[in-house]
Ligand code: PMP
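Before any questions on binding or motion, here is one chain by itself as structure tokens, the form predicted on its own.
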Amino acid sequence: MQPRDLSAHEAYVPGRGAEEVARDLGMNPEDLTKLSSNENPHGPSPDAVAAVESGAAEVNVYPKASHTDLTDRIAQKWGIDASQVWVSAGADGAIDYLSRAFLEPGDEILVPEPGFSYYPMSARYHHGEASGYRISKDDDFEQTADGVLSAYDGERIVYVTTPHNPTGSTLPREEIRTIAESLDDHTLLAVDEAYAEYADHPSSVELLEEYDNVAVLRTFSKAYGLAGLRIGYAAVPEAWADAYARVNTPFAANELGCRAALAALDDDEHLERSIETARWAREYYHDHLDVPTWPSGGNFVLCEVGDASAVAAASQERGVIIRDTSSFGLPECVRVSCGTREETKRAVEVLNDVVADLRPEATEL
């Protein structure tokens, strides 16, 4: 007895946790600075922590009320109807909902390359296929409508990511409008805004009144610091909002996650602190790293270091965990998350030392 043929499927490989790395290196996890997974270095809002603690005794109850309350609160935030909010287990859960709602066997999606590997993974889970459009280093990873549309061939879903992971580039609002207006009637434009809080751009949620072929993905994992609770959502046009009840996994969004997200949405001070720290860290990386970097709208910076695998391994041995982007097709680059001021300064010091040791000529750039 065997499962179906999964040879075309690739496993999602997340960044390793500090505890795992510490065990391998024989180190204390507290001596490691993890800047590989774009997590919020300030953690969750204290209000979110209090909500989790107060709700822990009630996890025997299915999250019906908290799910409804969170849905209503998100709808209020964006000025849309509650039926347009598809709460999910992380933004990847929302990607699955779109795949279930739109893909017939054999349908194709169009995704950015490099990009989030779960877009094609979800399509293939639902018996679809994926093709890609390039976001090229030769163009400094600029994103344009022409770049997307030149590869478009009638796919059922087109994904754009702004800010884009791992490059940090953004797709301007007018470019998104151009794409939405240029697609065939059967094509959905899915705008992934997982890092949008960190960018100084309006959300595409505001476009839902104008377009019935746009959906927007958001998450509480990044700026809100709730990655471990797996809470995200899609904001969709009102015309097909009722599809949610037909594709939603029963109670996929857990009780504590819903309560924490509700509390986090009302803690503007913690959110602004998190955003300000990320913006400061991005500038610090750009100004003090001895290697080329690209502008970023996210809570991370992409750096060109030569041998990414060697640099990431050496940095890890010196206590700073960064992301080797070889899996994104960028074997010469690493992605460094924005830490606290102390963590960011430590990362710069370690990365500069590692690059100087491994590639001395880089110090002359």
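Just so it is clear, the structure is predicted and the values come from calculations on it, not from any experiment. Numbers for residues come from their place in the sequence shown, where the first is 1.
The discussion below concerns the form predicted in complex with the ligand, not included here.
For the options Ser99, Ser221, Thr277, Thr170, the one in contact with the ligand in the model of the complex, meaning a heavy atom within 4.5 Å, is Ser221. Proximity to the ligand in the model of the complex, defined as a heavy atom within 4.5 Å, holds among Gln143, Ser122, Asn165, Gln84 only for Asn165. Proximity to the ligand in the model of the complex, taken as heavy atoms within 4.5 Å, picks out 87 to 95 from the listed stretches 87 to 95, 266 to 274, 196 to 204, 284 to 292. Taking non-hydrogen atoms only, Arg230 approaches the ligand to within 4.5 angstroms in the model of the complex. Contacts with the ligand in the model of the complex, taken as any heavy atom within 4.5 Å, map within 96 to 118 to Phe116 alone.
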